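First comes one chain, alone, set out as structure tokens in the form predicted alone.
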């Protein structure tokens, strides 16, 4: 029991410190602006293109898809920088020297990004309500909140895997950008999945956001738990699979680093 309490404390402390360290260069005003300007620009860009192509009645499709995709900002960029930052800032020796659970420490890097990423999505949906009168009258808001949390958890799982790759490569920003925009393309944020070629539809089934975006659209249109629960459960499993992959890479890096006596490369 004492060991579990220690690991739980380690989880929250490492989560808090890694999040603070990641944003140590931001002023509160800059951070607040990033929560408004970036989501607004992202959603407006794709929604106005969608309106031009398909009419104003298509606006909810693009608003919901791009608002949900905002979870990837924290899930991909934030989590990756939190995990990989230990190597870049030279703090890996302290991390590996802590006599606690590596799993708790590793997963803790994503905790505050789950909260922050969910906030991104909520702000995006609120902007859709303010600007395009996105209608929530039929939506079960608790169920919509579950879809938002699911999207954020799944993207953070992918972020943990990409962050672990950051321990073994110097090209992590290229990888981050690649996967961020792959999610934008393949997850159905701006193009219905059924309009994709078969090979794209196959890829879309193995990435985060595909099912949570579809579930959010259904929920806002009045769907109930029974209609979306399988989609959300599969999305969580996909996120867990990516997180597990990331932890395996993380532990492999630690083993090889100890074996070779270096934390610079495997």
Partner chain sequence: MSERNIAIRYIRPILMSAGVLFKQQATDLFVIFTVVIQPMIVALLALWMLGDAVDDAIYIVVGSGMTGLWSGLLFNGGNSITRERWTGTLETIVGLPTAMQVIVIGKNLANVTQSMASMIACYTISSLFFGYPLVVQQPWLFAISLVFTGIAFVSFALILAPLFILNPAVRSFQNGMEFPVFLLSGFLFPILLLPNWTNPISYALPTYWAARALHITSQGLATRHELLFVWAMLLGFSALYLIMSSWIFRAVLRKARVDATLNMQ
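Positions refer to the first chain, counted from 1. Everything quoted here is computed from the prediction, not taken from an experiment.
The following text describes the form predicted together with its partner chain, which does not appear among the structures shown.
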Contact of residue 146 with its partner chain in the predicted complex (heavy atom, 4.5 Å): no
Proximity of residue 206 to its partner chain in the predicted complex, heavy atoms at 4.5 Å: no
Interface membership of residue 174, its partner chain in the predicted complex, 4.5 Å heavy atom rule: yes
In the predicted complex, residue 50 touching its partner chain (heavy atom, 4.5 Å): yes
Its partner chain in the predicted complex: contacting segment from 135-143, 159-167, 121-129, 187-195, heavy atom within 4.5 Å: 187-195
Check all three, 45, 62 and 181, heavy atom within 4.5 Å of its partner chain in the predicted complex: yes
Residue among 241, 58, 233, 38 with a heavy atom within 4.5 Å of its partner chain in the predicted complex: 38
Contacts with its partner chain in the predicted complex - residues in 123-150 whose heavy atoms fall within 4.5 Å: none
